[in-house]
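To begin, one chain is listed below as structure tokens, in the form predicted on its own.
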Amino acid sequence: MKQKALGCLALLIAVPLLCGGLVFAFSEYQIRRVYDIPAVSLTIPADEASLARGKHLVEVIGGCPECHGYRLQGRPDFLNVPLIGQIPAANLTPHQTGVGSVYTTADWERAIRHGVGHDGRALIGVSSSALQHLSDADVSAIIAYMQIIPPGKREIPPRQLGLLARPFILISLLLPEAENDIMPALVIDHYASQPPAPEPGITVAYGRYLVLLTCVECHKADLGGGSEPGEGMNITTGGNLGHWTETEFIWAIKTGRTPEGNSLNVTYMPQDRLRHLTEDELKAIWLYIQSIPPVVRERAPGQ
């Protein structure tokens, strides 16, 4: 009986250790893995219209300042949690302390659309799950703008992953692609050809393009939302938006107030930047929402 009890105890100790070891080995492999991504030929513009487009993409559609700071000089304390680790947001400027001083056009394209850094390894916590949908022209406009922003001196420490962060790397492989914001490089198809974006305008096609870039990460691929923290509301016509007009939708995005008089959840909703979407962009998004199947999905109380 004693030997059986000791055997059970040994098993109880060995199994977690084995699982922990496998998770650590898998995460370490993914952290050290070097991606060989085919180069894309991009022509970087210099005209004022393209630079203005790049600024709009960076600040409003891409939301880069939300993580990298107002002047894109990075945030050393972006995520600093015991046992999770220290994951800073990079200094993107061309100062010698920023990645802009060493990034080539190819580096920028890989970081933006593939979630892969200058060293060929996966970046953590970047928005490439959404930004992978950017067209060549829009990526080029972003790069053009990033090349003219003022250099800003800010030393950014290297990332340090804690033990509790490693299981999330494994879990990220099990998440739907549109929801993966831990290590997007794991799930992005790095060999898919990128179709050109539709011409900007009040069209369903352009609305879909904007939705992929700005809405899907939180509201899910079907825009039906979810009940977990950080998941957006149902923005199909099967949800509350089914009772709104186009004018009310635009007003809600611009003001942060719904037609019913409720406030949008600013904890998760990036309304501060999305209110700067142009009226034509919001009209295009509205058209796309009207064109897709309604989703009926129950939300938890208080959501």
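This structure is a prediction, so every number in the text was calculated from the model and none was measured. The numbering used is simple: start at 1 and walk along the sequence shown.
From this point on, the text means the form predicted in complex with a small molecule, which you will not see here.
Residue contact with the small molecule in the predicted bound form: Tyr206 places no heavy atom within 4.5 Å of it. Contact annotation for His95: none of its heavy atoms lies within 4.5 Å of the small molecule in the predicted bound form. Contact annotation for Thr105: none of its heavy atoms lies within 4.5 Å of the small molecule in the predicted bound form. The small molecule in the predicted bound form comes within 4.5 Å of a heavy atom belonging to Met269. Judged against the small molecule in the predicted bound form with a 4.5 angstroms heavy atom cut-off, the residues Phe26, Pro45 and Leu163 are out of contact without exception. Listed residues Leu51, Val40, Cys67, Ile37 were compared with the small molecule in the predicted bound form; Cys67 is the one with a heavy atom within 4.5 Å. With the partner removed from view, the residue among Leu186, Ala197, Ile87, Leu170 that has a non-hydrogen atom within 4.5 Å of the small molecule in the predicted bound form turns out to be Ile87.
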